[in-house]
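As structure tokens, one chain now follows by itself in the form predicted alone.
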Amino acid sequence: MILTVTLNTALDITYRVDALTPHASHRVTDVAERPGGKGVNVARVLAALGHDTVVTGFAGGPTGDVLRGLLAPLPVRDALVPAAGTTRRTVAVVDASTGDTTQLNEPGPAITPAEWSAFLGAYDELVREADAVALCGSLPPGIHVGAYADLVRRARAASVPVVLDTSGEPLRRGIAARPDLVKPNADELARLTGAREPLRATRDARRRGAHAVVASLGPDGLLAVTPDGIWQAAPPEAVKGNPTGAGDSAVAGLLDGLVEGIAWPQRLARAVALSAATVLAPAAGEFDMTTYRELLSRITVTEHATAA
């Protein structure tokens, strides 16, 4: 079983308009609602790949009820912890004329100390059953910035590999707890290390405590600095569409390779192909299997001569 943690779950709403014009009214041509938050997206992709997957985190209020209702028919087990506050919404507005997407993210509900304690109890039980854990996304109000570091240490104490995908101070503290893998994007890397050059920044991030670091480089794919070597994987061409959930699909691809024990080049190829297929999908956190397989056959993986 793979456990994904989304402390700040969301109801993802995608609007499509013919053309997005500032200061104007728009007629929405299509609306899609999906259960969201980074770890939920990761779990949905893993389930589509055939993995037994459990989601935990918080859900509350009417939006949380909708989210759980949308999760119910999916091949993902719901272990979300109730919260008194209302789960946030994220709105993606897709401009059909350009393929570009504008994203609006609400803040999450404030989590009380009692709710955090209840989550920790559930997390410790779930980790004991897990083959791997993914800690994903932002922290809702009320949760201390060292929360992910604590969750990393709890997973490591249970001898369960853990992947961390967050940003800012939670990333800085979490990476010091020595997760097996972190997956920042280029901006998150720069804020963490102060370096803009991707290879330098990724190597610096690994020295801060992570066993391996995989950096998202947007249209240039993924760069991995690992104990076994350094690789970069890139899609065959730039893809345009809705990028919401693309990074989460990359995390799912990395977890897929981790639990199957395949080599790093193949892990990266899966992650890049899943990410690109998600950009091409009409709604957040989804992908077409045929598109994924076709892209996977065309991913380029290059090994760097520099040792890790």
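Computed from a predicted structure; not experimentally measured. The term rigid core refers to the maximal set of C-alpha atoms that superpose within 1.5 Å between the two forms. We number the residues from 1 along the sequence you see.
Not on display, but discussed next: the form predicted together with a further copy of the same chain.
The chain is drawn here without a further copy of the same chain; in the predicted complex, the stretch among 239 to 247, 24 to 32, 273 to 281, 254 to 262 whose residues come within 4.5 Å of it by any heavy atom is 24 to 32. Listed residues Arg208, Arg153, Arg89, Arg77 were compared with a further copy of the same chain in the predicted complex; Arg89 is the one with a heavy atom within 4.5 Å. Residue-level contacts in the predicted complex: of Ser167, Thr112, Thr226, Asn105, one residue has a heavy atom within 4.5 Å of a further copy of the same chain, and it is Asn105. a further copy of the same chain in the predicted complex is not approached by Asp180, whose heavy atoms all lie more than 4.5 angstroms from it. The closest heavy atom approach of Leu70 to a further copy of the same chain in the predicted complex falls outside 4.5 Å.
In the predicted complex, a further copy of the same chain lies within 4.5 Å of some heavy atom of Val93. Remark: Leu49 does not count among the residues lining a further copy of the same chain in the predicted complex, judged by a heavy atom distance of 4.5 Å or less. Against a further copy of the same chain in the predicted complex, the set Leu11, Tyr15 and Leu20 is in full contact: each member has a heavy atom within 4.5 Å. In the predicted complex, the residues of 34 to 67 lying within 4.5 Å of a further copy of the same chain by at least one heavy atom are, in order, Pro62, Val66. With the core held fixed between this form and the one not shown, Tyr292 has its Cα displaced by under 2 Å. With a cut-off of 2 Å and the rigid core superposed, Glu260 has a Cα displacement that falls short of the cut-off between this form and the one not shown. Core-superposed comparison between this form and the one not shown: CA of Ala32 displaced by 2 Å or more.
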